[in-house]
Structure formats: C-alpha cells, structure tokens
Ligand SMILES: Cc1cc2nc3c(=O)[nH]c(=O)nc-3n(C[C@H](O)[C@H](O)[C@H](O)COP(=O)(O)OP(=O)(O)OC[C@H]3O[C@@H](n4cnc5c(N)ncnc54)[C@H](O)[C@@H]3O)c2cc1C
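Next up: just one chain, as structure tokens, the form predicted on its own.
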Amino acid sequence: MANINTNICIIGAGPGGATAALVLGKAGVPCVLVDKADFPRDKICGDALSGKVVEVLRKVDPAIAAQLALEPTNVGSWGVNFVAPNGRVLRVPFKMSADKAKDAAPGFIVKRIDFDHFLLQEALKYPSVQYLPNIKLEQFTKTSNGYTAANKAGDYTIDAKLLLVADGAQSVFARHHGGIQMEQQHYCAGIRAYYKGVEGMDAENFIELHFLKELLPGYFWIFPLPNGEANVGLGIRSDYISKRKLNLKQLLPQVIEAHPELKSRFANAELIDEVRGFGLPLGSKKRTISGDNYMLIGDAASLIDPFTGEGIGNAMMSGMLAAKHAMACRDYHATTMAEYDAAVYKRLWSELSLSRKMQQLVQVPWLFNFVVNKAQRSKTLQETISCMFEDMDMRERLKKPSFYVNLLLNR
C-alpha cells in the first residue's frame, strides 16, 4: 500500500491540469499530478487550439507559446468558415490585419495525443511537480485537513489539503462531491473520425463548421491536420439526440452522403481511425465550481463553449486561474475558494453567455441564413464579425435584438 501526503493534488494531466502544474511548478510550489493514463495518450476531441490557448501560454511562459508554433505535429489556422444551413459560406479570419508572412498563426490544429504530451512535458521540467501516471482516483473522503483520495482497490491513497480537479467530463469527484449534474440541455455528444485525402481544404487552414439543418443546434466539422489528414466529426446537444433518437456514428456517413458538396470532397478520402464518441459538458449556465478544499477545472467544471465546442482554451484558462488562486489563498475554505469561481466567470462568462445566445440563434435557420447572406454582401459586417473574435465589447452586440433588427432594416 502506498500513501502520499501533499499540500496540492492535481487530478488529471490534460490541458487544464497540466497548465495548473506548469504555473505551480514555475513558482516552485510542490504539487502531485495524477492521471489515470500515461502519456502520450489519445483524447477524443476536435483538436483545434484557439487563440485563448496561445494567450494562456504567453502569460505562463512565452517561450512555450513560441515552441508550440514550431512543432511539426500542428498546422497554423487563420480563421473559420461558417457554412449556413442554405450552404452559403461566411469566411471569418481570426485577425483582419494579420501579416501571414511574419505573424505566428492565431490558432492551431494539433492532435490531442501530441498537444497534451507536449504540454505535460513542459510542466514536468519543474522538479516540484511530482507526476503519478496510471493511477485512477475514484474514492474521496473529506477530512478535517482536506481530502483523502484513493484508487478503487484502496491500496493507493493521497492525502491533500487542496484538490485541483481536472479529470474531465466523467469526473467522479465533480459528480459526487462537486454537485455537477449532467443536464441534457447543457450537454453535447460528439463523435470524431480521422480521414486522409479530404479534398477542398482551405489554403490558410481555416476550420470548417457546417451548420446543416438536420444537425441544428449542432454542426458538422472539418479541421485540417498535417500530412493531408483531417479531423472530421459532428456534435449535437444531448436533449436533441434523445428527442430524435439519433445514432451519431451512423449519422456521420449519412450526412456526408446526403450533401453533394461533402460527398464529392470525401469521394477519395480514407477513414484512418475508428470513429469515437465523447461528451461535452457545456458552460451554458453558471455553476458552483469550488468548495471546501477543492476547485474544478475545465471539463470537470463544465466550461465548454456551447456554440463552438471549444474546451481546451477554457480548461487551460481555468487551470491557470486555479493555480494562481491556490498560491494566493490564506486558507482553503469554501468562501475563499469562491474567489476562484468569480475569477473564472469574470474571464469566461461573457463568451459563454454569448455562445449560448448563438446556439439559440442557429435553431432558427432562416435567421442564420440571413446573417450569412448579409455578411457575404457587406465587407463592413464581415470585419465586424471578425473583430468579435478578439473584441468582447463588439461580441456583446450579438446578444442584442437591435443588432438583428438593424440587419433587417438595412438591406
């Protein structure tokens, strides 16, 4: 039987947990980082890294952000193509004024098996980070001094004053001790497949989000990867899946076959991996994400963007904020931990609530079609939407009915 005592235990070594360990390690703060797997390991995901990932890395260590841009396992992405239900494409660059010859790409696409391993290795460069792979913590007992966490057999225990819980959508702790419940209207199911040879990929590696009518309020995606590969998948909110009795694995090839433009692009494509499913707990409502002696991070805190499905950037942002709060705390009581909730939602809630509104917008296909049609004819509107990726004040305009009224009146 093994027992470890530590002040801070991080559960989960994915992007959220690794970022927390990276921040603590850089500050020389001892912590134990535990994961049920060893790395490199696969993680079912869309594999897209937004500008928020780069933002967090630059804040933690600019050298890591620079190194990420040089990694051969990723491709730089300069924007997103939104495909409306009517098939019209709205091309939105992440940066309107980017000099692609000089600037680093504002986003990347990289397989999680590569990115997660890269980030973990950066965290493990610090000797104060103790890494324990292949240990699945499933039993948690509250103590007067924190928590005792144990594996199923109970022969491996960790006594910690503070738990940073970053073990994903299926987190046992988040469900049984953090009070996070699965609500279908705030949850999404997705499937991911890797293809080789998909035709018509964007020259600037724009990611593609196809808002097909039969998938709303979800979408079909195509994200470019190195070596002629692509991450392809679809995601739909769980209450719609139940209502329509959908089988997503069967639906994926049906969608490709049913749409001529997609069918032609996949005519010579080869499926190179098993189609795999995953769950996405959406940040479409505020939840309590901390308590006595713990903070929830990333998917365990249900922080996935309800419109785009982005989870990596939000996980890393919350991991960074959790680590900083852990270092600043006088104690680990719930009232003190609640300052973490406030910090997370101060940074993320404007985006998450806007995305909730956008998710509702795409349930009205004619309105989404109208916005895309209008934007195709208006350079000013294209620039406005592009700037909304970087300017939160402008993004707030999308929440207001007046934005759409003005579009309707100014044909």
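Note that the structure is predicted; figures quoted are calculated from it, not measured. In this text, residue numbers run from 1 along the sequence as written.
Although it is not shown, the form predicted together with the ligand is what the next lines describe.
- In the model of the complex, the ligand stays beyond 4.5 Å of every heavy atom belonging to H325.
- Using a 4.5 Å cutoff between non-hydrogen atoms, E122 does not count as a contact of the ligand in the model of the complex.
- In the model of the complex, none of the heavy atoms of Y294 sits within 4.5 Å of a heavy atom of the ligand.
- Among residues of the shown chain, E229 is not one whose heavy atoms approach the ligand to within 4.5 Å in the model of the complex.
- You can rule out all but one of 276 to 284, 122 to 130, 176 to 184, 75 to 83: in the model of the complex, only 276 to 284 has residues with a heavy atom within 4.5 Å of the ligand.
- Among L367, A342, I44, A27, the residue placing a heavy atom within 4.5 Å of the ligand in the model of the complex is I44.
- The listed set R237, R265, R112, H210 contains one residue whose heavy atoms approach the ligand in the model of the complex to within 4.5 Å, identified as R112.
- Counting a residue when any of its non-hydrogen atoms is within 4.5 Å of the ligand in the model of the complex, the hits in 121 to 155 run I135, K136, L137.
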